[in-house]
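Have a look below at one chain only, the form predicted on its own, in structure tokens format.
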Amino acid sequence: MQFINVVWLKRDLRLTDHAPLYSAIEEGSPVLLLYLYEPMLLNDPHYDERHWRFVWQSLEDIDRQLRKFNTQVLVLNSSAINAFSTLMTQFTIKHVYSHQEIGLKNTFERDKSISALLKEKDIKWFEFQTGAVKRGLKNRKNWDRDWQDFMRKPVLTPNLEQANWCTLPIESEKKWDIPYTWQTKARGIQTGGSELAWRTLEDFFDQRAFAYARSISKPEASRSACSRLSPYLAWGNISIREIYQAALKHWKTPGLRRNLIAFISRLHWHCHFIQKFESECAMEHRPVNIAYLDYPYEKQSHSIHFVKAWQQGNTGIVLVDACMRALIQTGYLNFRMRAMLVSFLTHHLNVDWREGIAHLARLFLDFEPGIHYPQFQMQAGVTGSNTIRIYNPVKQAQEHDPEGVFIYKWLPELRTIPVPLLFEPHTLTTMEAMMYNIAPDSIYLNPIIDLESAAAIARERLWSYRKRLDVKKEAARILSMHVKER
């Protein structure tokens, strides 16, 4: 049987700055690129069709680049164990190469099973660091310095011309039948692939970045002024090092310095939060501060109607609903509005963060477990170490959507209501509601909660809990592990 090296693609769907592919090509044996649509992930509640469509588009982009080499990615709908077991009957696998995956528990358990299988067959598996994130890190000593060192190292771009590409067996040449809806672009949702990732990055630095710092918190302006690179980073169409080094090339561009400082700080945060998850991945199933295990949330039987209204963008709180509907339609929302959605769910509605985390994961096209879980818990106030923020949706709308552009776009039923009445339509008199053609039973005249009283109760609940000794003790432990040391 043919000897091959397998490069197992996961969330690194690119052919540039790719250490596993680079190393496999350098070794000299025929290279097989493998991607698995794993049933356990296809059925996982964190994922949605929008993710798998993006992955498919990314794989198609890779195949277009590989066409001149008469090869393609082997795409299978299979568990990893079954896929590797089958490949072993068709090839003699010398080595397996991949990036370390900072993922959910199910992918970690899968990787342990694959490691055992490969070890049993005496096959070496080389796993390479993902970005600046270090596996098994217990503290942040020198982490900032190491981050800088990693980001400034030359990119490892494989020599595709030099590669000895594997010839796929005849029975493997035809890819499994991809659902038609994955192959059709979804209106309003970004399209995957490295080509578009680079075009998006270049457009950002050439035009959009000049408005970055002043627009980042605005729900409408941020849709163009932000980089929009997050899904390409999440699925690995471009590496964070490539983005960082591209940013440095524009450092002296007049008018960009302040914006680039803000942008690069967010690249740093990107790795910082993934590192937190890597170092304490139990937060997928429990609060990182275990003293919050018995936090007095609304009982699930009472909160179920709150959760449903929040998920559907039907709470009667205009900015909350506009944000959720925009997210449902496009898969994108800027950071501040994401934080507000979590704050509203966990503070105003007093719903357990675990009842909302998978829903937002399904909606975020850029869902990245290592960012999603630490950020969600931070905004939910269950770390005991971060500043407690209870976002006021009315104030946020007044400050960041003062003309109602974003709200009118996503809540067209409110277009008859002028600013500033738009931000609190429940204050309309009966005659005003009739004048603006708002039905008496509209949720916007009868929101599911009173914001002011709910916020007051949340503040009392959060701060009284924060004062507990067990919360403080856990917070100290968290800070010692996760706070950056220089």
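Keep in mind that this is a model prediction, so the values were computed, not measured. Counting begins at 1, following the sequence as shown.
Beyond the structure shown, there is the form predicted in complex with a small molecule, which is absent from this document and is the topic of what follows.
Contact test in the model of the complex: Ser194 vs the small molecule, heavy atoms, 4.5 Å: No, Ser194 sits far enough from the small molecule in the model of the complex that none of its heavy atoms falls within 4.5 Å.
Asp366, heavy atom within 4.5 angstroms of the small molecule in the model of the complex: Close contact exists here: in the model of the complex, Asp366 approaches the small molecule to within 4.5 Å, heavy atoms only.
4.5 angstroms heavy atom contact with the small molecule in the model of the complex for Phe273: Heavy-atom contact with the small molecule at 4.5 Å: present for Phe273.
Heavy atom of His372 within 4.5 Å of the small molecule in the model of the complex: His372: yes, in contact with the small molecule in the model of the complex.
Interface residue in the model of the complex among Gln379, Ser98, Thr130, Asn350, criterion: non-hydrogen atom within 4.5 angstroms of the small molecule: Among Gln379, Ser98, Thr130, Asn350, a heavy atom within 4.5 Å of the small molecule in the model of the complex occurs only for Gln379.
Interface residue in the model of the complex among Tyr297, Phe150, Trp165, Phe335, criterion: non-hydrogen atom within 4.5 angstroms of the small molecule: None of the other options qualify; the answer is Phe335.
Which of 406 to 414, 317 to 325, 71 to 79, 219 to 227 lines the interface with the small molecule in the model of the complex (heavy atom within 4.5 Å): That would be stretch 219 to 227.
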